[in-house]
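One chain is shown next in C-alpha cells, namely the form predicted alone.
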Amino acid sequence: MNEIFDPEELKIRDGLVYDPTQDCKLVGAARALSGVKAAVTIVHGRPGCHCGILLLRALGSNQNDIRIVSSGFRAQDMVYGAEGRLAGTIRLCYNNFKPSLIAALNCSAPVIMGDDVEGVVHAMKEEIPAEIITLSTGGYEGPAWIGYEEALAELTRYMVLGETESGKVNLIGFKQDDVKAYADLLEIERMLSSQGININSVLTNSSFEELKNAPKASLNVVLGGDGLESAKIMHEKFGMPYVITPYPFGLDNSIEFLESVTKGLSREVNEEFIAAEKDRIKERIERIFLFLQGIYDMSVAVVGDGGRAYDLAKFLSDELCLNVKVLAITSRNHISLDKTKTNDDYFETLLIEPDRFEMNKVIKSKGVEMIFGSSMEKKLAWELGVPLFRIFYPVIDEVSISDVPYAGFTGTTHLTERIINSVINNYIEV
C-alpha cells in the first residue's frame, strides 16, 4: 500500500529550521510572466528578492531573455515608502524597452508597509501606453504555485473574444524556464500537427498579443493541471472547453495526451501516426535491451513539481520498470491531491511539499540508487553517492540548448538514453 504524507503530518524536530521544498509566491508569478514575450517584470521589494529571481533566471539557459528589473527598493524606504521609486522604474522600463506589458510584483516588505502599488499603477497608466498589472507576491502570502496560478488568471483579463478557429488549441501550464522546455514544445507541436491540430497560443510562451487572442482557439489543453484556474476562467468568460492532460513523458503519457486533446476537439486520433512512433521507439529500445535488464527494479526517487513529477514517475515505473521508492511533490497544483486518491501503484511513498530535512531522511532510508530532481538535490545525491538526473526546475548547474526533448515520443528514447548513461557513468558532480 502506498504511503502518503502531507505537510501537516511531517513533524519538525526541535532546533531545526523549517526548510520548505517549494518556492515563494514571487517565484511562481515571475516564472509565469517571464514567458510573456516583450513583457518586463518589476520586482518591487528588497534587493534580496530581486537578486534571487534574477539569479534563477540568469543561471538557467535563457540568458539572452531575462527582462527582470528591480524597483530600487532600499532600507530607508522601509520608513518613507518606495512608491516614487516604483513609478520611476515603470517609466524607465517603458522608455528603454517599449514593452507591451509591465508587471509590478509587490514583495513582502512593501506589502507589510502598505505601499499603494495599485495607486501608482493607476496613475502611471495615464502616462505609459503599455498595459501595467500588479500582483501581491509577499512570501508569506503563499507558495510558488499560487503565484503562478494568479499570474495566469490575471492575464485572462486582457483576452478578447474572437472568431473561433477549428483545430487550434492553447497550451496552458507550459513553463519556458523548465529544462528542455523549448525542445519539448517543438515535440508537442509535432505531435499535435500529426493530428491536424495547431497551437494558437502558449500560456506562457507567447507574445502579449497572442495571449490576448487566446479565445480564438477551440480548446484549452492544461498540462499536468498547472494553470487550471485560468482555464476555468476562460471557460466561464468565453465558453472555452478545456482538458487536463498528463505531461507527455514516455510512450503511454504521450498517447494519452493525444487522445485527450483529439477527444476534446471531437476528433478521432491518428492511429497510424501512433503506430509508427511505437515502431520507431521499439526499434531504438531493442538496441539496448541488455542495459534495460541491468536497471530493472532499480530504486529511484523523483523530486519535482506536481505538474510533471507524477507523470515522470509513472513513465519510470510502468515503462522502464524502475522502483519509485519516493515521489516528492515540491510544488502542488489544484489536482495534485486528487492524484493521490487513484489506485495507481507506481510509487511507494508520496511526500507532498515536505520539509527538505524530512524528505532527505526518507530518501536516505529507502536505499535509493538514483534521483530525478533539480539542482537543489545535488548535495543529497552526492551524500548518497548516486547519479542525479536534472529534469525539474530549477536547473542552474547544467545547460540545455539542443532541440532534443524529454517530452513526447522523441523524448522517450532520449530519456531512456540519458538514464542508462547516467547509471553507467555514475555521473556525480561535487
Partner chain sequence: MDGGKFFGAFRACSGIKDAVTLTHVPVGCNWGAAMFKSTSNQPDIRQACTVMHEREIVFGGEEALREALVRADTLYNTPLLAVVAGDAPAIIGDDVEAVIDSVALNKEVVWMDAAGFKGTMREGYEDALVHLARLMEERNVIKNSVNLIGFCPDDFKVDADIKEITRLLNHAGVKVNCVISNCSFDEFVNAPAAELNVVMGQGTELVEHMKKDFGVPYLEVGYPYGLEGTKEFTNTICEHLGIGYDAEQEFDLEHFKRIYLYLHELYGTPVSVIGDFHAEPMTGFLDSELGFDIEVLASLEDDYFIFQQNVRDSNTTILFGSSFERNITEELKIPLVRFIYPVFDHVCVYEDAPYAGFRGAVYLTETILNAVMGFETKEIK
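Computed from a predicted model, the values in this text were never measured in an experiment. Numbering follows the first chain given and starts at 1.
Although not depicted, the form predicted together with the partner chain is the subject of the following passage.
Can you check 234 to 242, 268 to 276, 213 to 221, 289 to 297 and let me know which stretch has heavy atoms within 4.5 Å of the partner chain in the predicted complex? That would be 289 to 297.
When the contact criterion is heavy atoms within 4.5 Å, does K175 count as touching the partner chain in the predicted complex? No, K175 sits far enough from the partner chain in the predicted complex that none of its heavy atoms falls within 4.5 Å.
Whether V362 contacts the partner chain in the predicted complex should be assessed with a 4.5 Å heavy atom distance threshold; does it? Answer no; every heavy atom of V362 is more than 4.5 Å from the partner chain in the predicted complex.
Mark R284 yes when one of its heavy atoms lies within 4.5 Å of a heavy atom of the partner chain in the predicted complex, and no otherwise. R284: contacts the partner chain in the predicted complex.
Using 4.5 Å between non-hydrogen atoms, is K378 touching the partner chain in the predicted complex? Output for K378 is yes: heavy atoms within 4.5 Å of the partner chain.
Heavy atom distance at most 4.5 Å to the partner chain in the predicted complex, all of S34, I133 and F392: The answer is no: none of the three residues contacts the partner (heavy atom, 4.5 Å cut-off).
Which of the residues spanning 204 to 231 lie within 4.5 Å of the partner chain in the predicted complex, based on heavy atoms? Stretch hits: zero.
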